[in-house]
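Only one chain is given next, in structure tokens, and it is the form predicted on its own.
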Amino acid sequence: MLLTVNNLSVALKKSSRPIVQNLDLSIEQGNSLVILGQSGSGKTLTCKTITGILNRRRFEPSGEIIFNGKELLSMPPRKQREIYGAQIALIPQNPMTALDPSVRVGKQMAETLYLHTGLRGKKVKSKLLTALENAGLDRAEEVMQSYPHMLSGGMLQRVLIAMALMVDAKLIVADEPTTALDAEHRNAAVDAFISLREKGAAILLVTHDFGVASRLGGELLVMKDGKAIERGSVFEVLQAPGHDYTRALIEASRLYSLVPERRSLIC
């Protein structure tokens, strides 16, 4: 088991009110887990805790996060830096704020690659171009020469996906990675995750899109009010949900898809 989360809770320090409560999850190497739930269910907070970017001045986590046999919550920051970014890659929810607006995309990618892999020299450009193309960006050379503000939100999202692809991370944590993408590029992004999974990476993907969940497959965990209320394979849960909340989410997505301008968003 590559990632095991035991009894994870996250509370606001000022009130001690738990936002994520007693969460258990696990992902095997070469497998995927989709976390699904409405806004405010604790999905993003869970991702932030697992990837080490939780604001410890505001939130207090407890429990265990065991990655590749090592417990992360109690690990010193110096040791954490050896894992986060290189072995655990995060694709954040908002691509517009994830990159430095004053630095060209290619330079930022090259710096990230060097920081986590030590790779530099002639091989760098080829690896960057390949990663961008695999993330669905056709004009990869042009993208590398661009500043972030010159690219659309969807293109920036694919740049972040490319950055996760290029470091060969063992675990990819993707928080709503397809929200800014149209149907064609959304499918291409999910296919990139499937390709990574086939190469041995584990994928933890947060989404509210049932089409994305269905296309990726693997295991599914449904969250509500900070708790896991249903889990199983994607196919089993979506075909025969056992919880009223899951059934309500599925029905809501079907109604949403009937609105003409939304048909490309939810399958």
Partner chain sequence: MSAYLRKRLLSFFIVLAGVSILSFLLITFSNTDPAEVIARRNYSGATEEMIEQVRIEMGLDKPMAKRYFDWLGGLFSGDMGISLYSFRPIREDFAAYFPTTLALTGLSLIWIVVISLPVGLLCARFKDGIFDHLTRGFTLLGICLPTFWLGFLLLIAFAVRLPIFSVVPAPGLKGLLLPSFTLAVPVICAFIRLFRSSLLGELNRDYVVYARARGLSPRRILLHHVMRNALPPIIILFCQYLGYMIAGGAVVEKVFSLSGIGSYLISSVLAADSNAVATCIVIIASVFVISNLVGDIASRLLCPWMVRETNV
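Remember, predicted model here, so these are calculated numbers, not experimental data. Positions refer to the first chain, counted from 1.
Just so it is clear, the following notes concern the form predicted in complex with the partner chain, a form of the same protein that is not shown.
Looking at 128-136, 182-190, 68-76, 113-121, which lies within 4.5 angstroms of the partner chain in the predicted bound form, counting heavy atoms?
Flagged stretch: 113-121.
Can you tell me if residue 160 lies within 4.5 angstroms of the partner chain in the predicted bound form, counting non-hydrogen atoms only?
Within the cut-off, so yes.
In the predicted bound form, does residue 53 come within 4.5 Å of the partner chain, counting heavy atoms only?
Although the partner chain is absent here, residue 53 would touch it in the predicted bound form, with heavy atoms inside 4.5 Å.
Can you tell me whether residue 169 touches the partner chain? I mean in the predicted bound form, with a 4.5 angstroms heavy atom cut-off.
Residue 169: no contact with the partner chain in the predicted bound form.
Could you tell me if residue 90 has a non-hydrogen atom within 4.5 Å of the partner chain in the predicted bound form?
Heavy-atom contact with the partner chain at 4.5 Å: present for residue 90.
In sequence order, which positions of 99-120 have a non-hydrogen atom within 4.5 Å of the partner chain in the predicted bound form?
99, 100, 101, 102, 103, 108, 111, 112, 115, 116, in sequence order.
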